[in-house]
Ligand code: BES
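Just the one chain here, the form predicted on its own, laid out as structure tokens.
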Amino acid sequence: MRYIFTPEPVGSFACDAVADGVWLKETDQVGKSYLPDDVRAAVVAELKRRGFEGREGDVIALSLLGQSKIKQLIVAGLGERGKIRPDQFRTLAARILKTTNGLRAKQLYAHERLLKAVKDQEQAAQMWVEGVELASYHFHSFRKHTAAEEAKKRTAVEVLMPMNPDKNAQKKIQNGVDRGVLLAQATELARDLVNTPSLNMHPHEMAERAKALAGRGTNVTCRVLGRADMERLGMHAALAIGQGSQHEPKFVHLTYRPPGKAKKKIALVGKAVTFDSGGLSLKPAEHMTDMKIDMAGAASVLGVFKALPKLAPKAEVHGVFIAVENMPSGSACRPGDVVAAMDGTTIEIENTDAEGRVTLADALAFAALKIKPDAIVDLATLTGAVIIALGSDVTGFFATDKDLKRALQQASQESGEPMWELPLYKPYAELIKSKIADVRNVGGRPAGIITSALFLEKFVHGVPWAHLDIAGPSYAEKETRAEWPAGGTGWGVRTLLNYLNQIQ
């Protein structure tokens, strides 16, 4: 996608499509200043005939062939004057892009009235670009046409925007565009990783993708450990989950250090089960089909690290995940086995399909005891229970610290990635007590999302911590929002980047 600022007034040059915005019941404003009076009157009449009133999110396309230098007019509803939220504007931009693609337009001009719907022009530019970029995403790596053809398709639309004569204002708008592209590309990396089949996204490949993000000029380093080093660290819990697979487990530790003195040290921990068969507690076949997505938490961590060098937050950021494949075999761990995490806590594995929390036990313990951060945030496709509770669009989250909770909630609202707080209800810890070990990995069906969080809390050792169960929104069976296409969504990348950017 190319973004071009032009000083030329709209209507003075040939353009495939112009996107204009209209407030509720103000359709008579469409086309003012750039359409001939007779054409504008016809447009307003057609909008009335179709019942278009400018309700928030409504988008309509009208052909102007032969009547203007503009071939297609896309009219977007902004809702009640001045009330559109930035996240709604992002979704609207995505709908406009989808409409543009449907018209086979090669150019799209964003009218000044549309972009000024959000008062902060830098934020408006960012939301506009995020929506356009995220809506243009497609995953076709395994189809016959080449990657070059796919890249050509994705950059086919040239997005034109009005040049602001105020140089300072224009600089802010350009910053918004650049930030929108950065956050969208980071999200798209996470989507690509989640959408890639497990045959091609096994633990070794996850580690290779992590290493590719480090190097000279990035301020990012990457450390990868194999089975022998993990054994020396005492990561027997994660190793137990991966021992049934031919793919060796990999421990990955990414570190970003800011150019100046870090204001805080933050650890991001992702679940990285590259395929989850359920192990010996085998899943039904229909529940196994999409289990390539069980590394979505780690994919989001990698997406974050793609953006960190350019975003340059004032925090030292650590990304930790343990990539394993959970498979049944003669060497797989068994229900009833007891394993020890790296902090010495013993875990009775009652169900090998509750594997993610067992791998996270070692990753969280490493983050807490070795990195010693100011806060830990983990992302995991952890439970089906969270989907029962909150559906497929909303993440369930837990937090032990009020400031961390508040910061993540604000970041979530900015990113348009909704989440809902659930309680760390201590009496339910009784449900995960074991008769023979320190803790067991399941507590029964009731309150399954809470007992899983209580299990994880045992390994953070008092460090301020938030747990995000992204089992619902990390993968979309069908498109529910224009910027969330079917497949991997990259949920959490922009929330975490917005959170890190708050640290001053």
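One-based numbering along the sequence shown. Just so you know, these numbers come straight off a predicted model, no measurement behind them.
Unshown form predicted in complex with the named molecule; subsequent notes refer to it.
Contact with the named molecule, judged by heavy atoms within 4.5 Å in the predicted bound form, is confined among 351-359, 192-200, 330-338, 156-164 to 351-359. Residue contact with the named molecule in the predicted bound form: Leu382 places a heavy atom within 4.5 Å of it. In the predicted bound form, Ile74 stays away from the named molecule, with no heavy atom inside 4.5 Å. Contact between Glu417 and the named molecule in the predicted bound form is not found at the 4.5 Å heavy atom cutoff. Using a 4.5 angstroms limit between non-hydrogen atoms, Lys83 is distant from the named molecule in the predicted bound form. With the partner omitted here, the residue from Ala466, Ala471, Ile70, Leu456 that has a non-hydrogen atom within 4.5 angstroms of the named molecule in the predicted bound form is Ala471. With the partner removed from view, the residue among Leu64, Val442, Val460, Leu47 that has a non-hydrogen atom within 4.5 Å of the named molecule in the predicted bound form turns out to be Val442. The partner is not shown here, but in the predicted bound form the stretch 262-298 reaches within 4.5 angstroms of the named molecule through a heavy atom at Lys271, Asp276, Lys283, Met291, Ile293, Asp294.
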